[in-house]
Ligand SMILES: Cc1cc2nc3c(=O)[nH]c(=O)nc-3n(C[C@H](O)[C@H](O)[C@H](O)COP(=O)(O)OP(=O)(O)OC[C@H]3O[C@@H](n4cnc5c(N)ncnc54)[C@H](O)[C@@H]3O)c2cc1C
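Encoded as structure tokens, the following chain is the form predicted on its own, with no partner shown.
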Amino acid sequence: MRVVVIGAGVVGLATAYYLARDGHAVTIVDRNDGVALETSFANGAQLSYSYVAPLAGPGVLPKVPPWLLRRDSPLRFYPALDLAQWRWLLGFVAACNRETSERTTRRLLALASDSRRRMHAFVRDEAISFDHARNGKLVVYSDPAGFDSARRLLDYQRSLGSEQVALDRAACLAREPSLAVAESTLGRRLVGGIDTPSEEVGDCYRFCVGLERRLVQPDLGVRMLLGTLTRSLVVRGGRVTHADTAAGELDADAFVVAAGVESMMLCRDVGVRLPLYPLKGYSLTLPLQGPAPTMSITDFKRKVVYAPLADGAGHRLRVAGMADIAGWSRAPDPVRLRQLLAEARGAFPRATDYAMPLERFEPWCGLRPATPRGSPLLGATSIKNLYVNVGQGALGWTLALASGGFVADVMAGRPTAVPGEGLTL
């Protein structure tokens, strides 16, 4: 078939990769002049296959009021006269119960496990360099109650395929010596942590750039239409006949919408409602000059992640976090960026020269396309030849390969690698 994939972020590129391997003639169209220039550009870099629990959980709602009253809260809400925002929030509140959260976690873990399998095969088969490392992840806790709760979940996580171990304070400091630096506020307040040795990191942008080069090679033959805005999809007789783009009409046998939060508007105009809303996240990339983590670190209390990356240009530390329910603006909030830098300075005070201008830390923000429950929407829609691959939220990098493979399987009529229940429209 001739297939048009709308969106050249990591999810759209992964979808195109599996479709092209199936022998389809694939065209990728994206409004940006390059691949992965929005949400995929500078995400948290963690390939967090074992930590996929949704934001909507049974213990979240009591935390929200205190979060909303603090300027440095990991979650901030800016109410707006936006029906989509309030519809999403109502769905989120409805999902904040144990049964829904555990069901969503099981689905996400199955998808993440398939994504890890596919990533290992990809690294084996494709010569693409993207700072990939299997260096493990340590989630550190600052209060005994939170740590005890995490330890109680270990058996449940193991039953779902996660290999984890609880470490006391001394074992955490031995596992990651950069936390033992005397000035580290994170090191001083940690009481314990959960170690997952199988977790990985990678630079999503470098992955996407390398994947683009791979896709256009003759054996895959993907056509790239970058710098081309898709204005709308045109439906006649229950099928999409073509996409109306800035470069003209683009016709195909099938269309896949993988354009992040923009997917919501494209699909809405043809009668397909996607329950998406953007959660704005932030990141900084620190050039390292001193003691810094060699494994991924997640500060559970502050909801900040630290991922070490190494390439030919030197060693870097990606610092990412926060979730702003703040509408559709892509403009970064300088207050949030300074807050993130302050978190990094407190956690790893000798890692870099924090007196440098903020611009030296490559400030970034992106709109993560989230569903209320936290699970993506994959596969067919009510329109016969229209498919979607959206809603991965903060897990787009982790789930990209499995999501792309799932959609390719659906379009080929094959059984999917993971059950589709709860992941489809």
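Everything quoted here is computed from the prediction, not taken from an experiment. The first residue of the sequence shown is number 1, and the count goes up from there.
Only in words, not in the display: the form predicted in complex with the ligand, which the text now covers.
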query: Heavy atom of each of D131, P287 and T352 within 4.5 Å of the ligand in the predicted complex; finding: no
query: 4.5 Å heavy atom contact, G374 and the ligand in the predicted complex; finding: no
query: L395, heavy atom within 4.5 angstroms of the ligand in the predicted complex; finding: yes
query: In the predicted complex, N385 touching the ligand (heavy atom, 4.5 Å); finding: no
query: is_contact(T228, the ligand) in the predicted complex, heavy atom dist at most 4.5 Å; finding: yes
query: In the predicted complex, the residue from L211, A320, A243, L274 that sits within 4.5 Å of the ligand by heavy atoms; finding: A320
query: Position in contact with the ligand when the complex is considered in the predicted complex, options E343, D203, E262, E176, heavy atoms within 4.5 Å; finding: E262
query: Interface segment, criterion being heavy atoms within 4.5 Å of the ligand in the predicted complex, picked from 53-61, 377-385, 38-46, 352-360; finding: 38-46
query: Sequence-ordered list of residues in 248-287 near the ligand in the predicted complex, where near means a heavy atom within 4.5 Å; finding: A258, A259, G260, E262, L266, G281, Y282
